[in-house]
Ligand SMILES: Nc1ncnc2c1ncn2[C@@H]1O[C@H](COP(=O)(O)OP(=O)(O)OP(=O)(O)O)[C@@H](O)[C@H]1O
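Shown next as structure tokens: one chain only, the form predicted alone.
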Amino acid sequence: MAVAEQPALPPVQVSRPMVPTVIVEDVNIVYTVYGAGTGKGSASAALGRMLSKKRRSTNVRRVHAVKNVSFTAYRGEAIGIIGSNGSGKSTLLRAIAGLLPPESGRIYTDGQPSLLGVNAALMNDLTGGTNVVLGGLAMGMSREEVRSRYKGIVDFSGINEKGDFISLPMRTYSSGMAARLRFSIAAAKDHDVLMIDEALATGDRAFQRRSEERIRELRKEAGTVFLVSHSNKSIRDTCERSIWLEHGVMLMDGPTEDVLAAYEAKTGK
């Protein structure tokens, strides 16, 4: 008697444990602006106000940049941060990186957060090559690691595609060239938490594709990536989760397509 063939069992799906890397708990960030509305904008006037022990209350303004924001990020996630100008996106990243103390609330991070922004300072009087070396050392690489990754960093940035620019001082670079090199330096290292502020908005489409692919590699290597960008396409291509901020308030946190759909319906962007 023939034995009926048993159907093959489906493969067992092993879910990866959700490991928190960043916990933002009811965070408020407030800037105090002195001399607001006085009309005295010179550097000497600002210095005088800083040195003066007496400040009129009418000349002090408090800007509530981030308001009661809470969320948890997990290892392996790429999270987009969207919102209009002045919504608190960059401020939030600076706080996660430990560069800006919250007025209230708490931020916990597992590992060392690294903030990459297009406005981060480079040493303009030094060559691009020297900045590659110093940037790698500043991120904790050994000299041997920097040496072995140097060519890959330069090639990834595309700095030398139209000439030997890597040997020129950074002050000769366009803002786009500087931003591409900065991203390339930061992306050469595996980060626990990498925060990118508008980096993908700079450069041609080929460089953006390389950047997006590198972010996916970072995620596979168990890092967490935050991306602030005004390019909805970059967010869609890179992030499966997004957070929408407006006027410092978190309006939505969820799957990228859902968040962007709501954002585009509200703003028309």
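It should be emphasised that the depicted structure is a prediction, and the values quoted were computed from it without experimental measurement. Note that residue numbering begins at 1 and tracks the sequence as displayed.
Form predicted in complex with the ligand: not shown, discussed below.
Are any of the heavy atoms in residue 84 no more than 4.5 Å from a heavy atom of the ligand in the model of the complex? So residue 84 counts as contacting the ligand.
Are any of the heavy atoms in residue 230 no more than 4.5 Å from a heavy atom of the ligand in the model of the complex? Residue 230: contacts the ligand in the model of the complex.
Taking the ligand as it sits in the model of the complex, is residue 60 in contact with it (heavy atom to heavy atom, 4.5 Å or less)? Judged by the heavy-atom cut-off of 4.5 Å, residue 60 is well away from the ligand in the model of the complex.
Whether residue 88 contacts the ligand in the model of the complex should be assessed with a 4.5 Å heavy atom distance threshold; does it? The answer is yes: residue 88 has a heavy atom within 4.5 Å of the ligand.
Listed range touching the ligand, judged in the model of the complex by heavy atoms within 4.5 Å, from 149-157, 67-75, 90-98, 180-188: So the stretch in question is 90-98.
Would you give me the residues of 134-157 that have any heavy atom within 4.5 Å of the ligand in the model of the complex, in order from first to last? Not one residue comes within 4.5 Å of the partner.
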